[in-house]
Ligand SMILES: Cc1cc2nc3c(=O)[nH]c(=O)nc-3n(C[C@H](O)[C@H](O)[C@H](O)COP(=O)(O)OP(=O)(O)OC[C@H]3O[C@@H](n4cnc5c(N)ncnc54)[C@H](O)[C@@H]3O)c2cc1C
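One chain comes next, on its own, written as structure tokens: the form predicted alone.
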């Protein structure tokens, strides 16, 4: 049996503490009839099962997972329960108008608190603490971008974004500016730090207690309206259902019927050894806070409950044919980059031993626009395309799909992402060339700004292609 501890620091910490041995649940065996079949045992599938069961306790639901619950992005991510949505507010306004964009933004902000509510109600211990996100501006170009973001948020009137500048020594946010040699920062209160491994594994236990069946080591190999064929340790069989939910995120790239509608793009992470209270006091990142900066080649981090840095970022290339392989999870060049970047951002962290290195694919639609969709004629639902913003968006997706499948017309089903259909990615070799040129372009944009002191032309050109 595979040792799932190597999936991420989050999984390893659960095993180390004795909280989880990752023994797979029994696979499916024989043909099955169920009210709802959910393909994928990550947060999208589990949140959908949770809200469907809360709405109708008599509904039969089966979750089918190829590996074990949380094996994908749900158990590997940076632990940001944020209000971030892959499509920017400006892009939402251009596409749908002010009212719809405001509704989408408010729904995402409310989702952060909804996750906290469920965590408390269900007794889920996942280190949830709502401490907000600080995004550092480390040069004049980045500072101008921070000011523009705060002005835009104030004009729009939904996000409570504020500008942080050097101030009282008692303000940890001001300390973090000095610790990171930043000119300013933005602070968004709508974010909570979580341990994603604890969240997804505990949520599975919650839905099982509600009567949901979870079958692991069972792969869906073909599907059609209201039916799916599976293969796994328990053999092969046919699943008949009233509603079929595709909740596979990046792994959908290898699923018939999804394919080029999603592209797997890798994001990698490191975790350090626990740091002392004195070091954290100097850095100024308190428990519950997440952080990033205004570079174009995205980085993201948190202070874990046991006082480590969990720090990640983009930089790994896209692999030909949307390949997803265990070997893609670890790229030494990217890990070295992350370690250098963390030390550059917080010199007090230099020399801290890196204890864990991992990665995994996230799902990217062609227009960087997530969706929660349901076709009542075919009974097929789909949610995904989170581009790394899925830890909270999965919860909104679960609530939305529960309303759609239940036939309810609600504020959630009226949101602009509902039933959005992204165009397909180009076939190879265009997909390979375009995706990797985009990666090179984001790095070039950061270099351009550092040299010229002006906003990057490359970044402006890439903006429409990345949801901005």
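In this text, all values refer to a predicted model and were calculated from it rather than measured experimentally. Numbering follows the first chain given and starts at 1.
Quick note: we don't show the form predicted in complex with the ligand, though the next part is all about it.
A.B. asks: Would residue 370 sit within 4.5 Å of the ligand in the predicted bound form, counting heavy atoms only?
C.D. replies: It does not: once the ligand is placed as it appears in the predicted bound form, residue 370 has no heavy atom within 4.5 Å of it.
A.B. asks: Examine residue 361 and determine whether its closest non-hydrogen atom to the ligand in the predicted bound form is within 4.5 angstroms.
C.D. replies: Taking the distances in the predicted bound form, the answer for residue 361 is yes, it comes within 4.5 Å of the ligand.
A.B. asks: Going by a heavy atom distance of 4.5 Å, is residue 219 a contact of the ligand in the predicted bound form?
C.D. replies: Yes.
A.B. asks: Look up in the predicted bound form whether residue 43 has a non-hydrogen atom within 4.5 angstroms of the ligand, and give yes or no.
C.D. replies: Judged by the heavy-atom cut-off of 4.5 Å, residue 43 is in contact with the ligand in the predicted bound form.
A.B. asks: Out of the stretches listed (274-282, 73-81, 333-341, 347-355), which one is close to the ligand in the predicted bound form, meaning heavy atoms within 4.5 Å?
C.D. replies: Only one stretch qualifies here: 73-81.
A.B. asks: Check each of 382, 309, 136, 386 and return the one that places a heavy atom within 4.5 angstroms of the ligand in the predicted bound form.
C.D. replies: It is 386.
A.B. asks: Which of 164, 255, 141, 214 has a heavy atom within 4.5 Å of the ligand in the predicted bound form?
C.D. replies: None of the others qualify; the residue that does is 255.
A.B. asks: All three of 51, 111 and 243 touching the ligand in the predicted bound form at 4.5 Å, heavy atom to heavy atom?
C.D. replies: The answer is no; none of 51, 111 and 243 reaches the ligand.
A.B. asks: Scan 216-254 and write down, in order along the chain, each residue with a heavy atom lying within 4.5 Å of the ligand in the predicted bound form.
C.D. replies: Contacting residues: 218, 219, 220, 247, 248, 249, 251.
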